[in-house]
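Just one chain follows, in the form predicted on its own, and it is written as structure tokens.
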Amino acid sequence: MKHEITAKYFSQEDLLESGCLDLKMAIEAAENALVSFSQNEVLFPEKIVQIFNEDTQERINCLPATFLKDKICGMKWVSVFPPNPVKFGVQNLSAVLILSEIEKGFPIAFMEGTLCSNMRVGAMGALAAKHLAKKDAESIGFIGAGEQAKMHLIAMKTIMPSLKECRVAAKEDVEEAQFISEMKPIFKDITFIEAKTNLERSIDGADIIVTATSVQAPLLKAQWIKPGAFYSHVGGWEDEYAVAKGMDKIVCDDWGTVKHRTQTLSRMYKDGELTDNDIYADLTDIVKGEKKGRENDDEKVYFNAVGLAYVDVAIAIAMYRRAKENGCGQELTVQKSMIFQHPQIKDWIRL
């Protein structure tokens, strides 16, 4: 029909079965997105945040972005409810994505978004590691064993095939065991070590360090970090101030955004312990070759990603194309005709 509007619906399983859990694809999409944004090819308005509980930070955010060359506008609707795992035994983050074309303005896809969101976190950490970690890194240590930690491992191994040892520390032994039971079958060439909740054991001497936890406390200590280490900071306040102070380079996805949030670097900035001049670069500067990445094997490098939703949208576009090409998903009819063109409209009106 002339006024019919259709779109594709992709569940998480549709996306997984169509090969969208492809961190190489996500890293490439993230890299291209950073460059596109720097060239003013992306519209990226302020996000809308609705916080329902200031103490627990239970919230739902709306984050839009438009890629002008692709002629696609996207929006991530993400809920973050930190009490969920303890209170209900379910995940603390869930998301959905909507993509629309900008010729007529019609929706083209409704997608599960948690997969994309977690992939973006891993992809940005791995993209930073590509430029800032030692090329022959062999060991990775985690504080935190949740979904984002698992995605980070996949992403890091994608960009760093030399990784052969993974140590993991979590709040409970069972979380470490679950992490290893899920990741070991994927990476049979990696030796996995449970730290038995001993954070130092997980981190001490690691080439790559990842903190991915919702705990707001300075868990990571500076003395555990060896020369040449690369640190990917995923969450909020996870490391003591001395960690950043002991780094040779501090890189952010976007320092202008980071310094107004609640990460460790943000706290340091507000406390007068860190200035704009202490930040070496934004990742985009390094990706574009305007700043050098790692310059020697002894440099300690700190990477902090606050999370840029336009990167989520870029990855979602890549996932949409992949899933569509592979024939996955369901066709949705949004409307068959305009409201008053339905012949039954007089019977449907409630007066």
Ligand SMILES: NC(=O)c1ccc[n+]([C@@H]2O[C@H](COP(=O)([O-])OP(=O)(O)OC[C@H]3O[C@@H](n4cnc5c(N)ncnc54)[C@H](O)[C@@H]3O)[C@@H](O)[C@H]2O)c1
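All of these numbers come straight from a predicted model, not from anything done at the bench. Start at 1 and count along the sequence shown; that's the residue number.
Beyond what is shown, the protein has a form predicted in complex with the named molecule; the following relates to that form.
Contact with the named molecule in the predicted bound form, judged as any non-hydrogen atom within 4.5 angstroms, is confined among 133-141, 264-272, 165-173, 104-112 to 165-173. Contact check for residue 215: a heavy atom falls within 4.5 Å of the named molecule in the predicted bound form.
Not displayed here, the named molecule is kept clear of residue 251 by more than 4.5 Å at the level of heavy atoms in the predicted bound form. When contacts are judged by a 4.5 Å heavy atom cut-off, residue 228 does not count as touching the named molecule in the predicted bound form.
Although the partner is absent from this view, residue 147 contacts the named molecule in the predicted bound form, with a non-hydrogen atom inside 4.5 angstroms. 305 is the sole member of 305, 317, 286, 65 with a non-hydrogen atom lying within 4.5 angstroms of the named molecule in the predicted bound form. The listed set 234, 95, 206, 220 contains one residue whose heavy atoms approach the named molecule in the predicted bound form to within 4.5 Å, identified as 234. Along 105-136, these residues reach a heavy atom to within 4.5 Å of the named molecule in the predicted bound form: 120, 121.
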